[in-house]
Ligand SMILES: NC(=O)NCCC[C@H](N)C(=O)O
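The chain below stands alone and is given as structure tokens, in the form predicted on its own.
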């Protein structure tokens, strides 16, 4: 059922009307061997060039890896490419999918920054080894698309939430919807510190989502509230400085989140989730945290 929904008035389905999507069983993570901050391509990187503690970053990455493994997910580790310091943020280079027949498909990204564009073919080679059917956007028509940084599956349903405005062109979702035969709800982003959907929107389970509301326009908020029964809001300081909404709930129960997001963690616990705190402070310097550092796979 391909369709693009940008306004709540055009929302013609309920979640129970949509086909189910199985829970991903694997987590891809790219080792931070080459992680550093060598340039500035987002507001969080300003003033941080050359300031990564590599030993600390590796320890933090291993803590995140172990947190995913503790939820029962298989963690697949991939070595990053030399001179590609941001490849560790492996949510961005692709959008994987499990189709209704059980086949594996993937839409490859067109990265906004030339610094990151060489990451995509390396990830594409890995997908070839995994027997995924690859799809590519027409770069002459669609200039940018940054994978699961902006395109996020609704837990348990064949529905995609698509952020756009900074790193992804809204036009990308027409191709994605038609290629994967799924509806896409588009959400316009308008605050530069929240340049990817995954910085302000964390789908927790079929009924619950964690958001930073000011990152969205009013129509986007109406769409979110139309399909999620439980909308948890992160305060601005925690969303900005602790990347609270860049958390991940890999199993509908455990929320892996940057430590120190006290109000957000309290709200999650009150909603029945088990909070798993990790330290991703070295990666936050570069504009990413838990969600950015992994890719959920079937």
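Numbering follows the first chain given and starts at 1. Since the structure is predicted, the reported quantities are computational estimates derived from the model, not experimental observations.
Only in words, not in the display: the form predicted in complex with this ligand, which the text now covers.
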| query | finding |
| --- | --- |
| Candidate spot 86, 149 and 288, all three touching this ligand in the predicted complex (heavy atom, 4.5 Å) | yes |
| Heavy atom within 4.5 Å of this ligand in the predicted complex - residue from 45, 231, 267, 58 | 45 |
| Partner proximity in the predicted complex: residue 195 to this ligand, non-hydrogen atom cutoff 4.5 Å | yes |
| Partner contact for residue 116 in the predicted complex: this ligand, 4.5 angstroms, heavy atom | yes |
| Heavy atom of residue 92 within 4.5 Å of this ligand in the predicted complex | yes |
| 4.5 Å heavy atom contact, residue 41 and this ligand in the predicted complex | yes |
| Proximity to this ligand in the predicted complex (heavy atom, within 4.5 Å), stretch among 101-109, 153-161, 197-205, 211-219 | 197-205 |
| Stretch 166-186: residues contacting this ligand in the predicted complex, 4.5 Å heavy atom cut-off | 167 |
